Each structure stands twice: as C-alpha cells, then as structure tokens.
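Given as structure tokens, the chain that follows is alone and in the form predicted alone.
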C-alpha cells in the first residue's frame, strides 16, 4: 500500500482513535452448521490503550482480533485503522499494512523452525528494507530483550519464554502503531508469563505502544486500562479504568 493510500483520510479522523470497528459480522459455515462468530460488534480503540479481550471459548475473541489485525475480513461492517477503511483494501495492500503498521504475536509463537532467533526477528524488516538494516535492527532487539547470546539458536533450542520474546521482538521490529497478542501466555509457565506481561506493561506505559490482547486469564486483565468481554459473538462488557 502506498504512503498516500495509507494516510488517506487521516486528517479527518479523531486523533485519539487508531481503530474504529463498526457493526462487524462474521459467520463460519461448518458443513450444515453456521457459527455466528461476530454479531454486529462495534468497538473503538484509542492511541495508548491497553485493551484486554476476554470471554469463554467460542465467544468470538480471536475472530475479532483476526479481523482488527487484518488477518481476516468480516462478512459486513467497517474497520477503520488510522483513518483508512481496511475492509476495502486489496490483498497486497492488506499485506503491506500489516508489515508497516501492525505487529502480531501468536499463542504458538509461529517462529520458523529452520531459522535462528536472529533470522526470525529479521524477517519483517527484510521485507521492507535491506538485509544489513534488518540485521542491525534485529541485533538491537535481541539486546533489548536480553537474548543477544541466543542469536544463532534455533527455536527448538529456546525455552517457551525465550521463544515468545523472539516473537515479540519480531512483531516490534518495524515499529508498529498497534501490537496484537492472541493469548501470548497460554503456553508459558507462571514465571515466563509474568515476564511477558511485564514486557507488555512496559511497552504500553513507558514506550507508548497501543496493545490489544486476548486472554482467558482474569488476573492478566489488571494490566489493561480497557476491558472488553465477549459472549456469543457480541461485546457484553466494555469498560475503561485507571491502572
């Protein structure tokens, strides 16, 4: 997506809003069964928010996250990111938007097994710039996360917590305006989970990153200034709070 296309409409946008999602619907068809994953969901996310989305299995949490992160399209509705309706973008424009503006952290880390920690972090930056610049950025990220001694290690040689740190570094390397995290602590022990949540807290409060995180764990919601609860494809609770 060109810079002109990316910025189109931003001048008419509430500067506090990064995402405005309006009347989203999404239905999955599993044989003869229809699952209404999103039913007329409307939500806005402001710059600097730390939003936690909670709810039971099947509530629609991950579906909402995938749509907001431009990994999937809603059946109907609008998603305005930084002033631009991303539901109307072509496939290559969506890919460019994700590379340039959005960072995504998966529950299962999604690291490439054959690549080293350094190479995994470099990938998004290599798609936008030179190998040399990507390597320099990735080395800096490794140092920032205290993993410089693990640069040449494969994912299989790293602990779960270390792998998730690599995944976070990879998501941050292009300096995204929004960081999405889909149950990032689900596969971690309590010590590693606490460390990862501490990283998110720092990224939000000290570095100013906007974070949207899905979790099942109620005790993890204490880090967020915004709690969104879903049930049966709908937002049933949306509250802001001081943290």
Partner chain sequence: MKRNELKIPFFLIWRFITRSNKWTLSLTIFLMAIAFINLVFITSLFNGIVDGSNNQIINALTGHVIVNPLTNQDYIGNASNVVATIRRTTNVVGASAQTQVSATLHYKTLHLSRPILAINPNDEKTVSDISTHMIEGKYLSANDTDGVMIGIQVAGGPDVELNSTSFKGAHVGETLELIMPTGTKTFTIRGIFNTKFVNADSRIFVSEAALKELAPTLTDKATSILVRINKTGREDATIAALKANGVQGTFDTWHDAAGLIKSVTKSFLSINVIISFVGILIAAITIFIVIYIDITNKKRQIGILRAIGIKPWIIRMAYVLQSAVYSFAGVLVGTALFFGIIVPYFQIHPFVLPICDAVLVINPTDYILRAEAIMLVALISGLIPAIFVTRMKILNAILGK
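Only a predicted model underlies this, so the values are computations on that prediction, with no experimental measurement involved. Positions refer to the first chain, counted from 1.
Omitted here: the form predicted together with its partner chain. The next part is about that form.
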*4.5 angstroms heavy atom contact with its partner chain in the model of the complex for residue 76*: no
_its partner chain contact at residue 91 in the model of the complex, heavy atom, 4.5 Å_ = yes
*4.5 angstroms heavy atom contact with its partner chain in the model of the complex for residue 149*: no
*is_contact(residue 83, its partner chain) in the model of the complex, heavy atom dist at most 4.5 Å*: no
_Just to confirm the contact call: exactly one of 63-71, 34-42, 50-58, 188-196 touches its partner chain in the model of the complex at a 4.5 Å heavy atom cutoff, so which is it?_
63-71
*Can you name the residues of 164-183 that have a non-hydrogen atom within 4.5 angstroms of its partner chain in the model of the complex?*
170
